[in-house]
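Before any questions on binding or motion, here is one chain by itself as structure tokens, the form predicted on its own.
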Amino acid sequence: MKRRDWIKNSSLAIGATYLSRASFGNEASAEKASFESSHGFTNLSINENQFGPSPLAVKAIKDSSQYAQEYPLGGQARLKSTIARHEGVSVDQVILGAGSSDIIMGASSVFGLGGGNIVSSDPSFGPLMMWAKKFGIEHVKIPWTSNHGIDLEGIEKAITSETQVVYICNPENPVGTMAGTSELYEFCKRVSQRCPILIDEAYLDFAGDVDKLTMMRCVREGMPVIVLRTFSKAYGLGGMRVGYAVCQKELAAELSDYYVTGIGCGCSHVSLEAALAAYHDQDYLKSVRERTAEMRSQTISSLKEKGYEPIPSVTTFVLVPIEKDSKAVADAIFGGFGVKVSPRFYYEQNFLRISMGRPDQMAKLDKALKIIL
């Protein structure tokens, strides 16, 4: 069925027509905020932590706001020192950024200015390759394996003398799968002798015991590996913009040269204090992981009952292949129910990427899916 015919026959056609995706940024939407979200609607499209930040982080935001006039030098030093102690590295191996994207942008300059290529899984989280492309660097794309995993063997085979860096998003965004820890470690040992590796662990906190799953071991062993983390996801501080990377001090200095401007790292006094408080509240992080896993399990079961086969995920999102036009489906869900999900199209296949939310939010989405799918 053609997309226009499907929407026309949908019971939600009016909603999909008048509350199209184009309305997300209009003036009315910008002014309206609901009790549950500053967006004004239920946003299950960009992997926000709907359980929110730790109460300790919220308290730190309130307490530190009285010092908003101060430059954030003390907060930077405390957070870097805390991360360094936990990871078993020196302070000069830790760099902070206004979200991990800040650091990725710096890396695009470090590894893109020299030309050559970047090798990564495809599709993957794209900003490093997108920004580096501005310098004329080639992006060598390695498709997922048959089970939607990162093809480490294919990536290794694609590396040449022209390769400036290998980018690994683990767990992989947008699919939610994860490379085996031992397999990835052995990959890093071999490949880091040929070129640096940037490992983006933005979603690792959802996958289990981070200290056992992370590739920080590679950094401690002296490999040219950059491990990237963020406070935006499991810590629930997406709006505060704090991320960090841990790597060899020479790489850290080079990355800092390309993205740090003005006073320090670009993070605010308040956001750094919030991140520090959240980092100490590992009990709350554990509860977020457990609640997210429960929502993920329920969502996957519900989709299977409807005849769909979601791709197994260890993250806060699920990618599900569908037969209908994914953009049309996403439009109808938003138009009829005020719930936003992310339409995707990979390998000639339509998908919906669904972020996990609270039980009430997922129940609203489930009702929409029953009608529209």
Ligand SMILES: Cc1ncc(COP(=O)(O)O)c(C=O)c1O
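From a predicted model like this one, the values you see are computed outputs, not experimental measurements. Don't overthink the numbering: it's just position in the shown sequence, from 1.
From this point on, the text means the form predicted in complex with the ligand, which you will not see here.
> Does every residue of D331, K340 and N350 put a non-hydrogen atom within 4.5 angstroms of the ligand in the predicted bound form?
Replying inline: Per the other structure, none of D331, K340 and N350 touch the ligand.
>> Can you pick out, from S232, S271, T214, S108, the residue that has a heavy atom within 4.5 Å of the ligand in the predicted bound form?
In response: The residue from S232, S271, T214, S108 that makes the contact is S232.
>> Can you pick out, from G176, G112, G236, G99, the residue that has a heavy atom within 4.5 Å of the ligand in the predicted bound form?
In response: Of G176, G112, G236, G99, the residue with a heavy atom within 4.5 Å of the ligand in the predicted bound form is G99.
> 165-173, 185-193, 277-285, 144-152: which one contacts the ligand in the predicted bound form at 4.5 Å, heavy atom to heavy atom?
Replying inline: Of the options given, it is 165-173.
>> Test of understanding: in the predicted bound form, would V225 fall inside 4.5 Å of the ligand by heavy atoms?
In response: No, V225 stays farther than 4.5 Å from the ligand in the predicted bound form.
>> I'd like to know if A202 sits close to the ligand in the predicted bound form, meaning any non-hydrogen atom pair within 4.5 angstroms.
In response: Because a heavy atom of A202 falls inside 4.5 Å of the ligand in the predicted bound form, the answer is yes.
> Counting only non-hydrogen atoms and a 4.5 angstroms cut-off, does R241 reach the ligand in the predicted bound form?
Replying inline: It does: once the ligand is placed as it appears in the predicted bound form, R241 has a heavy atom within 4.5 Å of it.
> Is the gap between F125 and the ligand in the predicted bound form 4.5 Å or less for some heavy atom pair?
Replying inline: Close contact exists here: in the predicted bound form, F125 approaches the ligand to within 4.5 Å, heavy atoms only.
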